[in-house]
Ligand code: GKR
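What follows is a single chain, given as structure tokens, in the form predicted alone.
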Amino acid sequence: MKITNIDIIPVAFKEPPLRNSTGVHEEYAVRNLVKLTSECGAVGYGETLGGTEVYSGLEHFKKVLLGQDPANIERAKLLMHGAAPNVFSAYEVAMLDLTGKILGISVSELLGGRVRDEVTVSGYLFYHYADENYNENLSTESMVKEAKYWFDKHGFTTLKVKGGVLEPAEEIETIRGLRAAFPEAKLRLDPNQIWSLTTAVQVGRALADDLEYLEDPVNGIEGMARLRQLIRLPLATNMCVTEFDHIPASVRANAVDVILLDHHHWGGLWASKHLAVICNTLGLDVSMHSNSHLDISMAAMLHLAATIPNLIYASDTHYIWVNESDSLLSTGKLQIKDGKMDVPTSPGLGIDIDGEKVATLHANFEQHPIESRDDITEMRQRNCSWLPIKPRW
């Protein structure tokens, strides 16, 4: 097996104006796709973050991977020494997809085999402005109403709120409103490090009986460690422990309870599996982080989640916010039923990419060539006096 051709394809797809602590999502989200073709004509796909910097990194390493065996991940890692994790991860997923298709086995089998055939996912809820598809959601009442819509559609048993948007007291009321509406659901709140320690203590104590965990309420390992001593809620992170080198300091400080896997940021599917083993050894739990993504990343996340025994929490995903018309799959979007997604069993990632749909989203990118995500500028276009203050409360 040899890789004979590599295409890097930037794409753009519509997003609602979703709010977060740094601002608001732009009208289009961008991703970079990797398409590998083998000498036998088989094709493998990977997906990663969008933007010029990532695209340049993907282009830079094309020359060292041409002619290589897609099954030899470790050799590729050596040849790509110095590559950013989000660059290597896209190539690794594409290599695994290609290898699986050639050998006739799924990516999860290549990763050691599935321990589950379906993956529980969370309903990822955002405050947001109105657009052509959604009414404005900037209150407890509207959040509960929208949560009921997603619950009726997908049967989620875990709901996550992207916080750090409204006054902390209002976000407390949002969680309490969701608890009243969904008494059996597991709830999460993620304010993306926008609170001071004092505010985080107040919120953490107020919601001690309502949340499954509180994600990144304050900045840094030291801040999380101090907070953990003052509240009894588990603390999760995808912001203060984002590299393997961060783990020793986090453990010494007793800073977090849950580390969120993300193969895009941790350097691929195998690296994420290694992270899960380390966490298990250290008595830490693991969950799964998400960012705006398309079907290729969704499939890769499902295969990864299927192979990790100690992934005991529902996995986050932005996938519900992707329009059906922006799916890359010939069969349409992957389905969520009863809060779960089936792990594809066909060879490779187990999804059928429609080349015409890829071309359409690439044409979108050419019309909207976003160099990097910029929630701050987009927010200032709506509110010129808005500033990215941290901590805000």
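Computed from a predicted model, the values in this text were never measured in an experiment. Numbers for residues come from their place in the sequence shown, where the first is 1.
Just so it is clear, the following notes concern the form predicted together with the ligand, a form of the same protein that is not shown.
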Hey, with the ligand in the predicted bound form, do His25, Lys162 and Asn192 all fall inside the 4.5 Å heavy atom range? yes
Between His128, Arg188, His318, Arg228, only one gets a heavy atom within 4.5 angstroms of the ligand in the predicted bound form; which residue is that? His318
With the partner omitted here, the residue among Asn86, Thr120, Ser106, Ser290 that in the predicted bound form has a heavy atom within 4.5 Å of the ligand is Ser290
4.5 Å heavy atom contact, Asn137 and the ligand in the predicted bound form: no
Is the gap between Thr99 and the ligand in the predicted bound form 4.5 Å or less for some heavy atom pair? no
Does the 4.5 Å heavy atom contact test between Arg373 and the ligand in the predicted bound form come out positive? yes
Find out whether any non-hydrogen atom of Tyr124 is located within 4.5 angstroms of the ligand in the predicted bound form, and reply yes or no. yes
Per contact check vs the ligand in the predicted bound form (non-hydrogen atom within 4.5 angstroms), the hit among 78-86, 245-253, 290-298, 274-282 is 290-298
